[in-house]
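Quick heads-up: the structure tokens below are two forms of one chain, split into structure 1 and structure 2.
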Structure 1
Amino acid sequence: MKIVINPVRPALCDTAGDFHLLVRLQSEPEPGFRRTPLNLVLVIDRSGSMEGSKLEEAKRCLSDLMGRLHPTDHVGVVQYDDQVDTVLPLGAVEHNSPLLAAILPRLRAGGSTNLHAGWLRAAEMLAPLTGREAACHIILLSDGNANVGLTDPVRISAHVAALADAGVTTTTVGLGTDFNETLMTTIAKAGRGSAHYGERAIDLAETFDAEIGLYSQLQWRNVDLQISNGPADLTLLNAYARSEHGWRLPAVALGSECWALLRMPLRQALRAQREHGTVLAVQVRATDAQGTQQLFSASLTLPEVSPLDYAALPMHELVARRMNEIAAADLQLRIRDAALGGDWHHVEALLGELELLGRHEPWVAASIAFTRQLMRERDEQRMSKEMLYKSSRMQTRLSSIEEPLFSQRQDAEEQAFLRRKMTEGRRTEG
């Protein structure tokens, strides 16, 4: 893994104002790369509302998924409504794959939603297999709200987080316009997995594509970032979960990088460098595909210049872009709050600010059209989902290593888990 630290300007000076640093954890080519064996359980909501195209599409995605796993991976399927049913016990793909055709008819829509019990059955199946040599992962699909069994989101998150610490991670896929997006994103964050959603049945395929694509190329898991000798008043702007001494960053796949944007007062950066010799030092712990934990470190030193010279220096293009993306993510969360509160005038004002940002950021600009449409329709449910997931995406995603400015055509050619997308809840067209 390579750690790259980009400052917003390649120097420090003694003036007031903010200073930004972009820390990038980049995958390096690995000849003879063999990905971690995967133990995967799919937990499928079969409550009454899933009846019809949603459940049919879920079944289709399941078949697809099976086809993309290695024969020695293990896969299991659980379905739940207010009861839990193990449709396919965890077993090697080469053994379970032929059984798929037989079990698919058993996936039939039913009653209400005991989401926690469905998830817990999957955790139970995977628990004996945890260990560093294989990745144990749950993909939880739901189109509604947990309304039976354990429903308290705080306790559900606590369970999910504890299992993630013990080696069983959880990704969530929300489907439709009625699912509880707060619950699903909270579970994904606690479970150290991804949060996906699709508005319609046809949008489901891309989310599974992204998830299995990611796991097929996973190079670094359990990525933990720590900062030492850092300046005072240092803030990490991405919404990453905290770990004991630092932050949990997304798992890194081959050919991609994850990133964190740091902000600090310029004066403090200078003071830290004068005191320690570096602006800051970064330590990263991560587990590789064979299950070994490795440690990487890097630090940054910059020349000191006069304020005049500093102002004349150009801003680093990528750092500026990430700063705009973080700002857009923040705006989107405020749009969400305003929409949920019914204050559509405020939504309009915030959308105006977003458009200003969009003048320099094609990705932000591309995302606005759908937001405008939702505002016109006064649809706070869909707006809430799109804003929450879009905002998350902008501040916690993997990007390709020399990521160009967004263009629809280029994005469509990108691997699913690296796509930026125009609309979170809708598939990429064309």
Structure 2
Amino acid sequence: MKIVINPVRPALCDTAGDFHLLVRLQSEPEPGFRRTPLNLVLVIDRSGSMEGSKLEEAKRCLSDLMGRLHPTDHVGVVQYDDQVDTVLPLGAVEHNSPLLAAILPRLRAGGSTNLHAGWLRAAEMLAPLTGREAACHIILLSDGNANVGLTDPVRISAHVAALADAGVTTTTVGLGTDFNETLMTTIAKAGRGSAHYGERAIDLAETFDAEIGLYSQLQWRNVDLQISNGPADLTLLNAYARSEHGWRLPAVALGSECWALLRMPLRQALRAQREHGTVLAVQVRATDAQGTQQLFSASLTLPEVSPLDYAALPMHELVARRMNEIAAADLQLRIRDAALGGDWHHVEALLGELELLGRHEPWVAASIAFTRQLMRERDEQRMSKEMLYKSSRMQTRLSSIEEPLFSQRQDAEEQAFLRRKMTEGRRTEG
């Protein structure tokens, strides 16, 4: 792993104001890198609210995911309402794929939603397989709220985080528009996975392409970032979960990087460097493709200049872009709060602020059209989900190592897990 630390300006000075640093954890070329084997358990909600088209779409999701796996990957299927059933024990895809095709037509909806129990069955299937080359991953599909069994989001997330630390990660997929997006995104964050949503399987096709593409090319897992010798008043601006000593960052696939944006008072950054010899030091713990934990470190030292010379220095283009993305993510959460409160005038004002940011960040600009559509329709449910998921994506996504400014044409050529989607919950008709 390569650690790159980019300052917003390449110097420090004794003046007021904030100073930003971008910490980038990069994949490096690895000759002979082999596809990561995958142990995957698909967990499907079959509760009563899934009756009809939702359950049919969920079945299509399972078929789609199964079709994207390598024949030698291992896959299992769990279904749950108030009870939990193992539809398919974990087995090779080439063996389980035809079995799933025969079982899917017999899946029926009914009962309440014991989401935690469904997830737990999958975790128990995968836990004995951690610590090896294969990635152990859960994809949880649900359309609603956990209403029986363990329902407390804090306790559920604690269980999910503990399993993620042990090597079983969790991605969530919200189906329809009625699901509890806060619970589903919280679980994904705790599980070191991704959070997605859509109304139909066709809306999720690119999402599943990204999910399987990512987990089949993992170079670094269980990535933890720790900051030392830095300013006392330091803030990590991304929405990453805390770990024992720092923050949990996304797994890094071949050809990608994860990143963290740090903010600190400029004077404190200067004071830290004078006291310790560096602005800050970074330590990263991560598990490689063979299951071995590795430790990496880096530090940053900058020259001191006068306030006048500092102001004349250009801003680092990528740092400025990440600052805009984090600012846009914050605005999206504020738009969500205003929409949930029925304050559409405030939504309009915040969208104006988002459009100003979009003048400097094409990806932000490209995502506004769908938001305006939802505002015109006064679609509170979809606005709530789109803003929450878009904000999360902007703050925690992987990027390509040499990522250019956003353009639809160039982005379409990237691997699916590196694309900057304009809408999170794509909506097709019919």
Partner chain sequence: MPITFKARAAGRIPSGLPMFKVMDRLRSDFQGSADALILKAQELAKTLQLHQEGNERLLRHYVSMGVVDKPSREGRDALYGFRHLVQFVAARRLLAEGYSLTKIAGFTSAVTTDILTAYLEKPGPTSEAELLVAAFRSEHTDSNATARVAGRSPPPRPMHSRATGMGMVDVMHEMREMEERVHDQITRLQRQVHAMVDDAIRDVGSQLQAQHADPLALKQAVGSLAKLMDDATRRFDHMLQKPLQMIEKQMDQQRYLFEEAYKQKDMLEQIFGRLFNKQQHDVRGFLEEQTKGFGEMLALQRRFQQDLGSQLDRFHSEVNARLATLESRLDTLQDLPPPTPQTKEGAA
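All figures in this text were calculated on a predicted structure; none of them were measured in a lab. Superpose the two forms; the largest set of C-alphas matching within 1.5 Å is the rigid core. Here, a residue number simply tells you its place in the sequence of structure 1, counted from 1.
J.: Compare the two displayed forms of this chain and pick out the form predicted alone.
T.: Here the form predicted alone corresponds to structure 2.
J.: Taking 2 Å as the cut-off, check whether the CA of T287 shifts that much or more between the two structures after a rigid core fit.
T.: Superposed on the core, T287 moves its C-alpha less than 2 Å between the two structures.
J.: Spell out whether the Cα of E317 moves at least 2 Å between the two structures when the two forms are superposed on their rigid core.
T.: For E317, whose C-alpha is compared between the two structures after core superposition, the shift is less than 2 Å.
J.: State in degrees the rotation separating the positions of the smaller rigid part between the two structures, with the larger part superposed on its C-alpha atoms.
T.: Rotation of the smaller rigid body relative to the larger: 13 degrees.
J.: A58: how large is its C-alpha shift between the two structures, with the rigid core as the superposition reference, in Å?
T.: A shift of 4.2 Å.
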